[in-house]
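The data below hold one chain only, encoded as structure tokens and taken in the form predicted alone.
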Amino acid sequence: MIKDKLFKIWVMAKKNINLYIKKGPVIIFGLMFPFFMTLSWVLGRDISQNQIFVGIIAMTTFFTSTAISPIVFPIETREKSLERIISAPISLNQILLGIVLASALYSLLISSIITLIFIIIFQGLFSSLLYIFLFWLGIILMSILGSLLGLLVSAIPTDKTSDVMLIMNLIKFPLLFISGMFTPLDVLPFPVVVLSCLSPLTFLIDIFRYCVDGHSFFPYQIDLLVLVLWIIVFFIANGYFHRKTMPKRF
């Protein structure tokens, strides 16, 4: 029974990867946007190697994880393929998990490739295996979290990807700029630090800085716990809102 459910989720994930990985919004907002954002941030600035590494991987993981999941439902609503999926012997949770898995795998693959490139070029980034494990654990958690966030935004019953991506960007950029990526939390005023705690990206960057610099603003256990709690909250919210809005798509 469980094996059958997992198989259906995997089939949905494969379908989503094959259909949407080459779509314009995925390429633009998943790859091109973080690339040019990073380029504009790094050029002409005196930034340490570790800070560049942390910023690039955090930005890449966050943007790629929110690239596929927001566009699946709008496109399938417009193309009337969602009706066939809903009528199939598959639950809504399995459909949602198939989207999350596809988006998370895409993010994990891109982020891992870039991380490996940095490790090969700049040797000595990590001083122990524990730091490497925590770094990749942070990437995995953010890949899932970002995918759930994108899926939650797609609960809006629209068939236009532009509507969803507009809202997605209105959420992503404020989260990005209050996360402590460009200015470490240690030097920020206390009210700004409190505000930054509203961004899940803050805790990912804090884990990354612990892994490459050996110190962090929060204990890394707190960072991991907060990311897991955000995942649980987003998962519950997705189930609730998609059940409310799904009938409006037909």
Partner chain sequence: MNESIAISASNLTKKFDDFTAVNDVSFKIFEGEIVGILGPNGAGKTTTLRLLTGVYKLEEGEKIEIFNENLKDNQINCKIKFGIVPEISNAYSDFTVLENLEFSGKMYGLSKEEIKNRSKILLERFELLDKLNAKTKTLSKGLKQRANLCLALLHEPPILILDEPTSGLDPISVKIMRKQILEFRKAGKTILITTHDIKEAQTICDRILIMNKGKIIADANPDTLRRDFKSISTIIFKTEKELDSKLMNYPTLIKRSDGTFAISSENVLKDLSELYNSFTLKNQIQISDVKIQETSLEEVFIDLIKNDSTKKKGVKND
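Numbering follows the first chain given and starts at 1. Given the structure is predicted, the values throughout are model-derived calculations rather than measurements.
One more form of this protein, predicted in complex with the partner chain, exists but is not displayed; see below.
Just one listed stretch, out of 146-154, 101-109, 87-95, 176-184, contacts the partner chain in the predicted complex at the 4.5 Å heavy atom level, and that stretch is 87-95. Although the partner is absent here, Tyr20 lies within 4.5 Å of the partner chain in the predicted complex, judged by heavy atoms.
Using a 4.5 Å cutoff between non-hydrogen atoms, Val11 counts as a contact of the partner chain in the predicted complex. At a distance threshold of 4.5 angstroms between non-hydrogen atoms, Lys160 is out of contact with the partner chain in the predicted complex. Contact check for Ser81: a non-hydrogen atom falls within 4.5 Å of the partner chain in the predicted complex.
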